[in-house]
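First, one chain by itself: the form predicted alone, in structure tokens.
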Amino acid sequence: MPYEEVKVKQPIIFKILAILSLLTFFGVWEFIVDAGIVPSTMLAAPSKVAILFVKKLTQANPDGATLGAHAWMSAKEAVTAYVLAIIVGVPLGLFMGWFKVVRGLARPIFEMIRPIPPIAWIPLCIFWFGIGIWGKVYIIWIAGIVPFTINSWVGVNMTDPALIQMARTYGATDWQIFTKICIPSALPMIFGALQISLAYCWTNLVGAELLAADKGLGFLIEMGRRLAMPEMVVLGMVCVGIGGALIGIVVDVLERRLLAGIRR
């Protein structure tokens, strides 16, 4: 069979399998809750979650905000922290990888802060920022900056020594070598950090909102726990998963376009 034909048919098969898999998963889930195998007080049925989803699109009760308001707040916090992580983490890693003075000054502090779980910063952030947006942005930023810094640093260190030596032979300065050779060499590693950092940001967003928030998907999950509404907990979890997947798709598209532009 020609390769072109296989390439056309495979996506259709995969789509059918994906749909069947989802239908089976939700069907079994609905059955075990309706049949009482798992009590409804412990796990909400998909149908109940769907009903709550429709209600929360327009109703703020009982947690104080609509689903759109929760999702918008979480997306705003995550994107703000993610962009700040890129702005700070990438230059920091690049400079640490090439300039010994920067590495000597920044690495001890970075290595001391890096192992601290971002959630551990929550009490201090409440003191510093209250439960507003900037406290959560700080927590998410602490999580997101690590992959960008490490990957940028490693990317510079992976630069071909032969290219550096050749540039020095032709009289290039350290700054020229850094900007013309090291930074382009580090780009694949930097792009590799885009998805990793996104996962870190989105995961820690939920943790931050569980403990210190008045709005957001993590707050929605926490309110579901407080109100003993498992359907609200599941709705928040599903929205977190869908939101993370959508942001991941956007980042993936941007990454491919940027790489395509660089290759040209």
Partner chain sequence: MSNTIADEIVHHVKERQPLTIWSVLGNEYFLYCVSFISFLLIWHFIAAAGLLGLATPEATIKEMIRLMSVKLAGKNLFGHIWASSRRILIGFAIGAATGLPLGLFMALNRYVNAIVKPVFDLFKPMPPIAWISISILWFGIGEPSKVFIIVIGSFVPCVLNAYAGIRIIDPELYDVIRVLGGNRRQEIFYVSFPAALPALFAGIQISMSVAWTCVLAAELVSSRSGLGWIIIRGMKLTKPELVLGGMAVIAIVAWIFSAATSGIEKLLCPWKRGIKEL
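Values in this document were obtained by computation on a predicted structure and should not be read as measured data. Positions refer to the first chain, counted from 1. Rigid core here is just the name for the largest C-alpha set that superposes within 1.5 Å across the two forms.
Not on display, but discussed next: the form predicted in complex with its partner chain.
- Highlighted residues 13, 101 and 154: every one comes within 4.5 Å of its partner chain in the predicted complex, counting any heavy atom.
- Contact check for residue 130: every heavy atom lies farther than 4.5 Å from its partner chain in the predicted complex.
- Its partner chain is not shown here, but in the predicted complex it comes within 4.5 Å of a heavy atom of residue 41.
- Residue 178 falls outside the set of residues with a heavy atom inside 4.5 Å of its partner chain in the predicted complex.
- Shown alone here, residue 230 lies within 4.5 Å of its partner chain in the predicted complex, counting heavy atoms only.
- Residues of 220-237 lying near its partner chain in the predicted complex, listed in sequence order, are 221, 222, 225, 230, 233, 234, 237, the criterion being any heavy atom within 4.5 Å.
- Superposition on the rigid core between the shown form and the other one places the CA atom of residue 20 2 Å or more away from its counterpart.
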